[in-house]
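Subsequent text provides structure tokens for two forms of one protein chain, presented individually as structure 1 and structure 2.
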Structure 1
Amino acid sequence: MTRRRLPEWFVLLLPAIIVIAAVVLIPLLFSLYSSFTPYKLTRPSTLWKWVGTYNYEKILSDAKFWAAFGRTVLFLTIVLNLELLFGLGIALMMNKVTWGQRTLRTILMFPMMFSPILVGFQFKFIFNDNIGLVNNVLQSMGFNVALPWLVDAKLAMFSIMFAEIWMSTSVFAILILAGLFAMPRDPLEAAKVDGCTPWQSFRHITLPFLMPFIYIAMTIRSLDVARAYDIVQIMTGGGPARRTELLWTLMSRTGYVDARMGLANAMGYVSILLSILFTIYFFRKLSAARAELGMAG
């Protein structure tokens, strides 16, 4: 009697699935295939030559690749942790503010609106060794130096991290602040009466409550860690002498400058895997924290 039809939820999801399949899945399958070929943009026929895992073996035995990979992981670890720390600090400070909080919160959202590439240019400008704001200020204060912010390897890495942190700390601060607003007062007051020091009540009451919010921020951030590509590409292009080369800039150079698509796509897969790993990790943390919060009421 009842006709067999696609379930409604599936029909509703179908457009999303189709678009994503067309724009993301198919290219990814193509790139997966091409990562097993010596494909070069300049010689299309190379697409049909199967070389098996040659590209992967090549990158896995390539010191430059491993350096970029290690640097990327290190970069992400440092940056994400610092963003979390600063975000937490800013949120706690903002929570204590008694006036003008709305304005401050709006200011806090500024960096979220900036295009990553714009952030790149902005800090390339500010850290410019000749006319940059930082050096100008230093010189006006009497230090007769022109620090090579974007040329020296260590300083360049610092500058890039600074830009990245400037851009993304807001996400943490805003979401943690939302968590603080949503937090019930009674447990904190009870703790105060019970004689907890401010640190103790932060450690044992506030922080556990904030965990889900922190994981949401982490998940959202891990969805687009690769935005750092725009910044690095503009600020140093991976230089000097590849000292700030990250996985993404290396891949883009291999693909677009050297036109070695097969090899670049193999690297692309490693970077995709990395992103997915980060995302899944935080998603799981989020689910766990959510379940805990649900039990706590």
Structure 2
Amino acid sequence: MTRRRLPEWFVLLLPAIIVIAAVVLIPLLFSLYSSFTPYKLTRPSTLWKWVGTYNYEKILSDAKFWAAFGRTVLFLTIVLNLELLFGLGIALMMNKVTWGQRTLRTILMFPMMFSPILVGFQFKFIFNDNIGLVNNVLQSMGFNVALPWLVDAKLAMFSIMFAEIWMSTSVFAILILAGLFAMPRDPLEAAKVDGCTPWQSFRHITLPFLMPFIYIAMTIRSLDVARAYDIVQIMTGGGPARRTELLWTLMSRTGYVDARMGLANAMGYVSILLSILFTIYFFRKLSAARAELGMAG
């Protein structure tokens, strides 16, 4: 009787499968299980007590969770749209550059190379009330003010958004610039011959061609922004009075400060559903833009 041998491809992939299971799958299943328990870090025995969907029901009636959820959606919407506008403008300007474009592209990538923690500390210093660069510049210009950038709720949210946009606008700019490089010149030249204005050429030719690249950038960034934690935690810690607290900073506070890890994991899975919904939305937009581009071609 012959022994069945494992396929060679499976043997080759086995180490990777083991690593993925140990690093991703097992923690994921553990966190999913604990979201159905009253697990507290200070009371390990609570991990084995099953409470069903109690944590999820508690989340749905928690005003603090929905406030953080609303701020996260608002934060995501504003940041994504501004990054798109700035990235599109930068890409269009760089596409016109005929000398030193490679150097400019390299410089453009610098902000996204920084760690979000480093960016958080950098902008925490820039927006500091007393020694911050922004207030010093305002005072040197004759404005006798010291704005509480990280203390006032609205100014603190603006400061966080500014830091996030500064760090990640280059993602949009690089992807849109790649779309501009891939764009055929014949339609633009034909439109110019037909007497179209630059705006008409951009609106009806350039922008539709760039939409797939824009939706790819939107998909990537929506996942990042929906999980925003580092910059918010460093700059404000979710304050003042939790006015800048987003979903992931709320989860951190619930899990590690309040030690309610089961509830925090349940919040995590709700936020994952938010990320999945945004991904599905942008993927559908991407598919529609590709189909429209194919029909136009």
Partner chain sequence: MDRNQSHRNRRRVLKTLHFTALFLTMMIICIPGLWIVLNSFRPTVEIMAKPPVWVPSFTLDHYRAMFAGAGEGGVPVFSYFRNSLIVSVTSTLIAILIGMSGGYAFARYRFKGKNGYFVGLMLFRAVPGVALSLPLFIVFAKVGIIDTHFGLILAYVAMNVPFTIWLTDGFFRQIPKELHEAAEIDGCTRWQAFWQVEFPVARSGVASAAIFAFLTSWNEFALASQLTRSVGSKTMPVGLLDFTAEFTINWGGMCALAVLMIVPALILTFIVQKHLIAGLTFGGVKG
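All residue numbers here follow the sequence of structure 1, with the first residue given the number 1. Rigid core: the largest C-alpha set superposing within 1.5 Å between the two forms. Model, not experiment: these values are computed from the prediction.
K.L.:
Which of these two chains, shown alone, is the form predicted in complex with its partner chain?
P.N.:
Structure 1.
K.L.:
Supposing the core is put in the same place in both forms, how far has the CA of residue 16 shifted between the two structures, in Å?
P.N.:
Its C-alpha moves by 4.6 Å once the cores are overlaid.
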